[in-house]
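Shown below, as structure tokens, is a lone chain in the form predicted alone; questions about how it binds or moves come after it.
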Amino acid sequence: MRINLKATFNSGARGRWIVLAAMLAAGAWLARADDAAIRYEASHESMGTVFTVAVYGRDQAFLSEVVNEVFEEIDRLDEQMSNYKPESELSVINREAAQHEMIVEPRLFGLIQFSLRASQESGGAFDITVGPLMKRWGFFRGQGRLPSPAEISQVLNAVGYQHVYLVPERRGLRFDVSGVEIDLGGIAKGYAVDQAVEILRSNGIMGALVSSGTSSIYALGSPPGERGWKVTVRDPFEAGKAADVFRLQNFALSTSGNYEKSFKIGSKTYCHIMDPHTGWPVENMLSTVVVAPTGTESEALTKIFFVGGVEKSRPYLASHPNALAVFYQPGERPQTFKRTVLRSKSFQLPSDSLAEFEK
């Protein structure tokens, strides 16, 4: 069966992009793109979403085996990093780190270390300790609720990356007050995409697209005969409508949107993306899209820019290289948006990488 490489993948009502690469929402399939390259694709549920991997190679059995290895690693990360699973390493840390120092597995420690550095560099716009705040607003296993100002004030005592102390030489971690909880939901999927790409590369696969549901995507190499992977980002108001187009090669793209989780009281809508400084959901931002070298970085940056807004994001981009950001804010008329495109002051990509905003 021959597959049209320009076919459209739409991830559904909650989707954030359309991938012009014939990706399927579920299942596995095989196609011959030309006389040499075989395309294999499969999807797998993990981390509360659907991961999809599309790869090119010459042997179906080998491609299937490598993709299964990718899904096994993603499941391992979910077992380790989920704050929904009581026996995960992260859940144990959250229960005990205020009582005594915890020794953390090396890669998890590295991710927490990266997250705390991102928190510090962004002035706290990104903060992995927002877990208690998410619970108070009802976004943890719930549909959302409006807490009282007193509730928010109380929970903010346990929110703040400054409450997490690391001892790098022995991978130690502790909290300085009780009630602190680490929530990696804002970065773990991007990290999982990066780990998937490393497995693909280590097995000699140089053409693949890895998607963590509606969160992050990494374009490894290019499809046969194509100049990068073409990725279309959704309209903030309509999932099936395109807003902008990117072309990527050996680069990641992540999005954050107010449409992911929200609830409405009267005429006011409250989204799940919190400003850690105020304890309230961010307003006047519909979505942010970030293109960066890794999924870990791009996913963190979407939160930083969503919370910080356009003007506060400019200094960050001035000092951090190779990132492109698109901000979507409410337009002058209902159901319309205005976009702002910013790029790092230093934007010099490796010769084998591509990150273009085509609009």
Partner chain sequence: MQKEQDVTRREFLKTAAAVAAATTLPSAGAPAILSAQSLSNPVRYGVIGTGTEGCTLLRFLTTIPEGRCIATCDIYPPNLKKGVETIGTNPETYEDYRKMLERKDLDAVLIATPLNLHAQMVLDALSAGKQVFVEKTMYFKEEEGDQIRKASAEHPKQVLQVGLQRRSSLLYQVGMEMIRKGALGKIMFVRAQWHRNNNWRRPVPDPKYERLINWRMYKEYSGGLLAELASHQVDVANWAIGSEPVSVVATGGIDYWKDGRETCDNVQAIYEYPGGQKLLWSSILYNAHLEFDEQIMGDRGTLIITLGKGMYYREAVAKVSSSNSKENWWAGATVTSLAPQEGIPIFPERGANGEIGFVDREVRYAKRWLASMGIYSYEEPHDPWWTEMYNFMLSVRDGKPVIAPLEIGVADARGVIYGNRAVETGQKVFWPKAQPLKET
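Worth saying up front: this structure is predicted, and the values here are computed from it rather than measured. Positions refer to the first chain, counted from 1.
The form predicted together with the partner chain is left out here; the points below concern that form.
**Student:** Although the partner isn't part of this model, could you tell me whether His163 comes within 4.5 Å of the partner chain in the model of the complex, counting any heavy atom of the residue?
**Tutor:** It does not: once the partner chain is placed as it appears in the model of the complex, His163 has no heavy atom within 4.5 Å of it.
**Student:** For Arg234, is any heavy atom within 4.5 Å of the partner chain in the model of the complex, or not?
**Tutor:** Yes - in the model of the complex, heavy atoms of Arg234 and the partner chain come within 4.5 Å of each other.
**Student:** Should Gln60 be classed as touching the partner chain in the model of the complex when contacts are defined as heavy atoms within 4.5 Å?
**Tutor:** Gln60: contacts the partner chain in the model of the complex.
**Student:** Can you check whether Thr52 is within 4.5 Å of the partner chain in the model of the complex, heavy atom basis?
**Tutor:** Thr52 belongs to the contact set for the partner chain.
**Student:** Going by heavy atom distances of 4.5 angstroms or less, which of Val326, Val66, Leu317, Ala42 would be at the interface with the partner chain in the model of the complex?
**Tutor:** Filtering the options by heavy-atom distance leaves Ala42.
**Student:** Of these, Gly213, Gly131, Pro281, Gly221, which has a heavy atom no more than 4.5 Å from the partner chain in the model of the complex?
**Tutor:** Here the answer is residue option Gly213.
**Student:** Want to guess which of 118-126, 167-175, 87-95, 241-249 is within 4.5 Å of the partner chain in the model of the complex, heavy atoms only?
**Tutor:** So the stretch in question is 241-249.
**Student:** Within 4.5 Å of the partner chain in the model of the complex, do Lys230, Thr255 and Tyr259 each have at least one heavy atom?
**Tutor:** Checking in the model of the complex: Lys230, Thr255 and Tyr259 are all within 4.5 Å of the partner chain.
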